[in-house]
Each structure stands twice: as C-alpha cells, then as structure tokens.
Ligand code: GLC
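We begin with a single chain expressed as structure tokens, specifically the form predicted alone.
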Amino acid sequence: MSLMQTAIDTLAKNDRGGFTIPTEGLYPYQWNWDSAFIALGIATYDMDRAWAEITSLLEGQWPDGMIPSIIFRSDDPSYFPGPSRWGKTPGPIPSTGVSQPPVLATVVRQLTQTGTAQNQARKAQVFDRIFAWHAWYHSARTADGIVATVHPWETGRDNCPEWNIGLDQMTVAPDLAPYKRMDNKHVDPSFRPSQEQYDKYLTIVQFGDSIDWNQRRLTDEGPFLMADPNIHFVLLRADKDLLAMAQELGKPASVLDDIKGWIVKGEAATDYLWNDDLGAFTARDIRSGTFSGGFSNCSALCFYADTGTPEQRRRVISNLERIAGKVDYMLPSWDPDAAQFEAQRYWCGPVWPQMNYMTSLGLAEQGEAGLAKNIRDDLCRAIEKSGFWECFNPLTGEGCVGANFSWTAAVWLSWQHETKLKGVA
C-alpha cells in the first residue's frame, strides 16, 4: 500500500464523525490546532469533509470568543485530565479552560483562496467566529503589550525546556487533588513530561477552576505567565490572513481597523522575544523578564509571520544552519547544543510535523528556498522510514510517542498534493 493511501486510511481511522482525533488511545478527543492541520490534509481529497473539521471545532467556542485546546464530546476514561478535572467551563461543550496556537485563520484562507462563490460563502460562514477568537487573544491574553500564555499546554509545546523558567517559579498547590496519569500508560513514560511538571500543570488547572475560568484573572493572577514565540508568530500570521479575508469579504472599516491594530501591536511586540545573546526568538517569562536558553522549533517562525529585522533573520538562519549540522533530521524541537536536549522526549528534541510545515512554508515565502526544502525533505524522509508518528527522533528518524497520527498524515498529504499540482503546472 502506498504512503498516500496509508495517510488517507489513517485519517479515516481517526475520524469520529465530523471531527478527527489525533490518534486512538492517547488522544481520544478533538484538539484545536490538530483539527486545523487535519483539514489541510483532508482537503486534498474531500473538501466538504475538511470544512466539517473546521466548523465542528468552532462548535466548542466559548461566549467570550476563546476556542479551547480540547473539546470533550464524551468522558473517555483512557484520557486524563478529562472534563471532570477541568470543572464547569462556560462553553457549549465541555472543554479545557485554555486555548492553543490560532492557526485556523491561515488554514481557512488557504482552503478558500480561489475566489469561487462557495469559498466566499465558507469564509463568510466562519469569519466572525475567528475574529472573536483573535479579539479574545488580544484582550484576555495580553500582558505587557504581548500576547501571553498561562499554561504550557496552551502553547502546544507542553514540556519544552523553555517553560521551566515559569514552572520553576511555581509551587505545587498544597491541596492539589489526587490524580492518576493516563498518558504514560499508552507510551514509554520516558518520552512524556515528568511527574513534577504534571503536578504543576494540574496546579494551574485547579487555579483556573477556582476562579470559574475568568480568563482575564487567569492571565493577571495565575501561577504561570510567559510569552511564547509559537503563539506570537502564529497569531501575527493569522491576523494578517484574517485581514486579507476581511478585505475580500468587504467587512466594515471598524473591523479592518481592529485587525490592523492587532498587526501593528504584534509587529511591535516581536522584539520582546528577541534574545540577542542567542541570536534567536525565544520564550520569555513576563514577570521576571527572563529569556529561555535555547533555539526551539518555533524560533524560525518569524519567517512564517513575515516579521523581524533583516539582522534578526540573518542570525536565525545561522542558528538553523548550525543545528542542521548537529542532527540528521531537521527541525528538532529543542537546540541540541542547549541543556535538557533529549532526542526522544516529547518537546525536548523530536521533530514535529506541524512545526516543520509552518517553518518550511515561511522560509519558502521569504526567499530561503534551500532551507525550506531541507526541512520539508527531512520530515518526509522520517515518515518514509518510520510511518505517521506524532514526532520523530532528529538523530535517527525513529517515530516517537503516538503512532498513526492524524496531523502527520495530513501534512504528508498536503505536501504531496502541492508537489503534484506543481508537476502538472
């Protein structure tokens, strides 16, 4: 069976009727940014089903505009923390109380870029909801002029060493309710976050529940507050794509002005993440001002967001070239020259498909075709060697954590489709 067919079969196996889970067992619900990337893959063979993936995600949107990181349409005992641990959240469907990197506007624009009446209708169908989500980020999640994050899970990069700065300043809640992890029952525990990290993750959840998930209070008073390059660059890119869609839809000047203001704010905040000592954009603890100490796989998303000075971009490219000489498969999630690099431990080293997708796209758009191709080709080599895993060892190409993974299959399909279209052209 071809990899193309295996990818389609993987997505079909993970389909739960209108939404797609990342993989069976380990992740039995609908994840926010997973669904956006999954839609890109499904669109290569079934646009109507791809669109259903997007609209089903929006069904979980909260009244304040937030789209949660996970939507719980059931209470699966194989997963923790499920809906009961998050408490009573205000959305129409039980969910987590935090969000995820907002890639949705960029995906919607890509899927509706041809100016057909149907694509215009689809953009119009979801525009207001996506606009409300962005508005939520720029209000409820902004601190010191930059969009912030209140939980490592919100960043999508759960146990990246960057978050240790904020986590180290936390103490585990003395009244933390007992719990039993399930993630390390499905995969090798050495690939997953540590127990201490999990205690602190749950401490943040318990705090959020205690304030009835008041998102402004969670940002202002919560135990963790950091600026994340992933959220920052993804949102800035998404704001630019949202502006393009607003113009295409003829939205009123007030809407255009709001989005333009967000973009100005985002461009100005980019320097906040610049770590001159490393020549890289890194996470930063907002309360202490401390930068993290390594180049991550979101450091180069400045190209994806089309931001940063020429000198900053030059130094980012130098870091990419240095790291390429240390690994056999680009792009590792953490700098192999930095402390706490582990080639197979979740966000401490492995190559992540969705990150390679965004990084490669951004580099290609900004004229760095060679590096873009290397990052794309390396992920494809890992998939060809090991299959559709959640992530991959950057030294060996071995698959890590979850097998039969939806966004990996989706990225593969999207890239193969692009290659086919270019071949036809």
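The numbering used is simple: start at 1 and walk along the sequence shown. Keep in mind that this is a model prediction, so the values were computed, not measured.
Keep in mind the form predicted in complex with this ligand is missing from the figure; the text below concerns it.
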item	value
Residue (of Y357, W62, W33, F388) lying close to this ligand in the predicted complex, criterion heavy atoms within 4.5 Å	W33
Candidate from Y346, F295, Y304, Y137 lying within 4.5 Å of this ligand in the predicted complex - any heavy atom	Y346
Residue contact check: G156 to this ligand in the predicted complex, 4.5 Å heavy atom	yes
Heavy atom of Y27 within 4.5 Å of this ligand in the predicted complex	yes
Contact test in the predicted complex: T106 vs this ligand, heavy atoms, 4.5 Å	no
Distance check, F19 to this ligand in the predicted complex, heavy atom within 4.5 Å	no
This ligand in the predicted complex: contacting segment from 82-90, 216-224, 116-124, 347-355, heavy atom within 4.5 Å	347-355
Stretch 79-110 - residues with a heavy atom within 4.5 Å of this ligand in the predicted complex	Q100
